[in-house]
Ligand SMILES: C[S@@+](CC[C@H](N)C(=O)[O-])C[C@H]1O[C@@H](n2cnc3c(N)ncnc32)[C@H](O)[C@@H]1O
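Here you get one chain, nothing else, as structure tokens; it is the form predicted alone.
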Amino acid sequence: MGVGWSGVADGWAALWGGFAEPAWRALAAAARVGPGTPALDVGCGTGEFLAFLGGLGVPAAGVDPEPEMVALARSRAPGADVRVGDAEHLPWPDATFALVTAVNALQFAGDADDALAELVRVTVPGGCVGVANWAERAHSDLRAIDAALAAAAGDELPPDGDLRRPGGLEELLRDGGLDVTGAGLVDVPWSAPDDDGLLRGVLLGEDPEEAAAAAPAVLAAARPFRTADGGYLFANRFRYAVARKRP
């Protein structure tokens, strides 16, 4: 998470908090997570993944740089050890966790390689590191809204980052000295119940005047994804990869 996310923590939890659950399930399956597996989620946000891990019997910990995110994570996963901190300076000793994850988080680090080195440092030898994030825009219906907002501002969409492209996560993990054991694409649909929910979700954190000005472009771009009940459904995909730390 970046600076400013504390101010939208409640909105994030309500509108996006459980969105990545299919990616959580893919990571947990690929890493063969089971009861008693100590795990750390880096960039844990409002704690939904921590609660999911707790439901699997996993003693979980989380870290996020935003205090309000951490406060919500602690309430959502009361059994988890959740701390304020960033990916490049994890507040735990070497070789503490059997699984360390980062879901939609490494792209916010100042340097992804440095952040990965920290994830590896706190992983036990033989343990796993799992990462997941948005796939390239070609796999996201929400790109229609991104493009409309960019056009309204007179901009062009930036190219997809390396971690979103095919093989990008695996390359990052291999460069970090890890052995990749699994990777893939997973469907992560996002829905909004009505126009208001759509606008609050995609314009989260925007200045009210700027949000009002952008609303017509958002609604026009979202029209093809409207459902019969007046809501919206967007098909999207995440990429994920899991790798093992060498003994």
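Numbering starts at 1 and runs along the sequence shown. Predicted, not measured: the structure shown is a model, and the values here were computed from it.
Form predicted in complex with this ligand: not shown, discussed below.
Candidate site 5, 43 and 104: all three near this ligand in the model of the complex by heavy atom within 4.5 Å: The answer is yes; 5, 43 and 104 each reach this ligand.
Close approach of residue 108 to this ligand in the model of the complex, 4.5 Å, heavy atom: Taking the distances in the model of the complex, the answer for residue 108 is yes, it comes within 4.5 Å of this ligand.
4.5 angstroms heavy atom contact with this ligand in the model of the complex for residue 65: The answer is yes: residue 65 has a heavy atom within 4.5 Å of this ligand.
Contact of residue 170 with this ligand in the model of the complex (heavy atom, 4.5 Å): Residue 170: no, not in contact with this ligand in the model of the complex.
Contact label in the model of the complex: residue 69 to this ligand, heavy atom within 4.5 Å: Residue 69: yes, in contact with this ligand in the model of the complex.
Segment assignment from 123-131, 139-147, 82-90, 159-167: heavy atom within 4.5 Å of this ligand in the model of the complex: Result for this chain: 82-90.
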